Ligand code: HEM
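Taking the form predicted alone, here's one chain by itself in structure tokens.
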Amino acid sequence: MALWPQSSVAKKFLNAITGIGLFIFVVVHLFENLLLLTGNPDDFNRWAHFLESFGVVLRIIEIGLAAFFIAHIWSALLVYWDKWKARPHGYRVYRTAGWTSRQTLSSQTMIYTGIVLLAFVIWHVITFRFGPYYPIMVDGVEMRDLHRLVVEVFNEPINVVLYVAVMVFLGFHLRHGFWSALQSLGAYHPRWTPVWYSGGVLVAAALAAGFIVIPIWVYLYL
């Protein structure tokens, strides 16, 4: 039995399922990070400590999340490879079927924005998950001062610029990914498809904007 799906439909289905799972994580992660805007460092540190208190359970969740990332990346590469092999030799002119094809800059650059996001995730994990441990006492309990680390990182203008740029790429990736995942799961319908498509644009813009606000706010006010 093959480790990975062999049919084009199965590959797209796997990519859609893992993509939706990662989308949910992104939404939750944004709401977690918005605690940085409350003006009270303890709010953010309490939440980070609460998550760490799950211990082994949190480690299992992190491993599962990593597995989702790997499966999403690999299935995306398989789909991209299948499309590349299906092109006639020497075919270099890009064509679209018009509005019904839903071809946009976002859809044409998914593999590239995905690579950028992968590099960002690696940097993000190294910087914050395995970064310096600053102890702090909150409510009589010693915990990691993750808020201090975030402030240190985003007090560097280059980090703010890079973070904002990557979040723009995230918006582009989600714009097509949201719609494409629903389509792969069979949510296509003449009546509702425009709603899903427009909703994907709004959701992608909202998430990207939410993440962009955070480093700028930290840089200017913390």
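Start at 1 with the first residue shown and count on from there. In this text, all values refer to a predicted model and were calculated from it rather than measured experimentally.
Unshown form predicted together with this ligand; subsequent notes refer to it.
Proximity to this ligand in the predicted complex, taken as heavy atoms within 4.5 Å, picks out 23-31 from the listed stretches 23-31, 37-45, 153-161, 192-200. Put simply, Y80 is close to this ligand in the predicted complex: some heavy atom of it is within 4.5 Å. Proximity of M143 to this ligand in the predicted complex falls outside the 4.5 Å heavy atom cutoff. Residue contact check for L117: one or more of its heavy atoms lie within 4.5 Å of this ligand in the predicted complex. In the predicted complex, A204 stays away from this ligand, with no heavy atom inside 4.5 Å. Along 151-176, these residues reach a heavy atom to within 4.5 Å of this ligand in the predicted complex: L170, H173, L174.
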